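What follows is a single chain, given as structure tokens, in the form predicted alone.
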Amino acid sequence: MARALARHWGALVVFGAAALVPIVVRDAYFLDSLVLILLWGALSAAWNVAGGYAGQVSIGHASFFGIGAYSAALLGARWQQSPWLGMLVGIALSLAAGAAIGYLSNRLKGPYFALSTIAFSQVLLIVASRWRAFTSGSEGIPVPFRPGFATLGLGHVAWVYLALAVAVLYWGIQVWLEHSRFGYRLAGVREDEDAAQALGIPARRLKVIAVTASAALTSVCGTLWAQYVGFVDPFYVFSVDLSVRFALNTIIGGMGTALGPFLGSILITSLETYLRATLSGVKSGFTGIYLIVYGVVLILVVRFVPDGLAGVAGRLRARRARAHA
């Protein structure tokens, strides 16, 4: 037990601090930032299942995010159904879409797989923005606010704990991948697919499973995001920029690590929130400066910390253990 606590002390600090914040802080802006950090971290963790553990780097994961967001928004706005039902519908659709993408493109590797996922997200963007009779087109869909847990009409404090529960669940899934036979086989496929197949590992089937599971997890967060924000815009929920954000958080935090996506989310979301709040109204030239910061941070991480923030934490822990020894 003590060894497990020592191994996951970083997660205990991050999630423990998030659980304590609503008790001592009541500022709505700060709590809103915390909810977004947890949701973006969970979304990046969902991306990490396919991109980090299976090596299937997707730049079109916004497809599944948008499916989850639209499923709940349409069912709630048009038929007054519970967003939990919309979440289930989104999961089912994302499972089907993820399985189709995984099966059709499982022979593709590297940039070719990434391009195929981008193409799929852009097809969904065109459909959602042009099918005005059903999706209201580019005007988007306002999500009605109905108070209560059954309709996800919650206050900031309740949203913090709901987002925290999802984040901890996704972190637990990644920890399981790091220590399970399934996760070891995925790692083998990621490192050398031909060698894995030579050893009898069903590489293509494992990649399909990873992409499909990642799609379902992403869809859940899409539903939650739509209910929290209260509006679904096709040009945002299906955008390539959103998919890049999932990948960026994970790369900066540490691909193939359980805590990495959350560390990346803390850094990037905090920087973006701060820069937007302080510089967006100064001059028109500062409007997109947070995008420049994204690029600079990514370059620095790739150049000096290729294994991400989680890798730095791991090296510090190993150095401390050697010092005690």
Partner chain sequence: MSATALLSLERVTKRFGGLTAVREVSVEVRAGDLLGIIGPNGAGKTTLFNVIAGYYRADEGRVVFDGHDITGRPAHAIAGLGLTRTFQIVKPFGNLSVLDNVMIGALTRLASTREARAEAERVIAVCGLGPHAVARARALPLGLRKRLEVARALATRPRLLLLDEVMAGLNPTELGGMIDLVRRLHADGLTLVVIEHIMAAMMRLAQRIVMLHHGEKIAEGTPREIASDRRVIDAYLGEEFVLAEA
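Nothing here was measured: the structure is a model prediction, and the numbers come from that model. Positions refer to the first chain, counted from 1.
There is also a form predicted in complex with its partner chain; it is not shown, and the following applies to it.
A.B. asks: Just one of R107, H179, R78, R130 has a heavy atom within 4.5 Å of its partner chain in the model of the complex. Which one?
C.D. replies: Going through each option in turn, the one that passes is H179.
A.B. asks: I201, L88, A119, A100: which sits within 4.5 Å of its partner chain in the model of the complex by any heavy atom?
C.D. replies: Answer to the contact question: I201.
A.B. asks: Of these, 132 to 140, 167 to 175, 214 to 222, 188 to 196, which stretch puts a heavy atom within 4.5 angstroms of its partner chain in the model of the complex?
C.D. replies: Result for this chain: 188 to 196.
A.B. asks: With the cut-off set at 4.5 Å between non-hydrogen atoms, does Y161 touch its partner chain in the model of the complex?
C.D. replies: No.
A.B. asks: With heavy atoms only and a cut-off of 4.5 Å, decide whether R205 touches its partner chain in the model of the complex.
C.D. replies: Contact check for R205: yes, within 4.5 Å of its partner chain in the model of the complex.
A.B. asks: Quick one: does Y184 come within 4.5 Å of its partner chain in the model of the complex, counting heavy atoms only?
C.D. replies: Y184: contacts its partner chain in the model of the complex.
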